[in-house]
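What follows is one chain in structure tokens, specifically the form predicted alone.
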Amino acid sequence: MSQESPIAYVVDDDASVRKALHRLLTAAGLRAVAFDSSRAFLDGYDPAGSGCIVLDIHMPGLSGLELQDVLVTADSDLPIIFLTGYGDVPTSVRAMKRGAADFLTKPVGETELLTAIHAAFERNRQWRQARAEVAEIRRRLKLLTPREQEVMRHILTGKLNKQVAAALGTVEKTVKVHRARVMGKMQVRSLAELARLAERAGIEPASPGE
């Protein structure tokens, strides 16, 4: 297994459950790390790493739902698969509304759990890829000068160079130069591509009054 392989973090205060899950996951060829409490997990996991969490609901100290709240606040991208011996509907609804990947009732079948973990790994991979893409777009945006950013917001409205020049109080030739620099720094060849990147980064086109 590659050191870049995702990790399935098992968090359960029951030693027998913890050991059984760890054995199952490693036998299936997955990287697994087990913790006996939410606090131990918070102290020992890698926030920058990939994977998912297989999390018990009812634990002493910080419960599974409380740990979920902590991770949501921290903007963690690790999907959570909840395991519980109780499985009450209100708890499962709350967990899913807060973004849980799955909610399984103990004793869980091996195939069911492994399927849920692989789905969570894929969800995590997609989240991390999307974040990396947005970070790259923002890196490119930082290369733009304030004037180039202004020009970009105006051309995102579909204005012609002469219309942008009129709005900014400059000449068309200058806008053409800025536009070319914007396209180059953003590494795009068309306005449609630029618009897609701007949308992903949360950049709004210029308003009609600007």
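Counting begins at 1, following the sequence as shown. None of the values given here were measured: they were computed from a predicted structure.
Below: the form predicted together with the DNA, not depicted.
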query: Contact of A27 with the DNA in the predicted bound form (heavy atom, 4.5 Å); finding: no
query: Interface membership of T157, the DNA in the predicted bound form, 4.5 Å heavy atom rule; finding: no
query: Non-hydrogen atom contact T170 with the DNA in the predicted bound form at 4.5 angstroms; finding: yes
query: Residue contact check: D36 to the DNA in the predicted bound form, 4.5 Å heavy atom; finding: no
query: Candidate stretches 160-168, 61-69, 42-50, 28-36 - the one whose heavy atoms come within 4.5 Å of the DNA in the predicted bound form; finding: 160-168
query: Partner contacts in the predicted bound form for 174-203 (non-hydrogen atom within 4.5 angstroms of the DNA); finding: T174, K176, V177, H178, R179, A180, R181
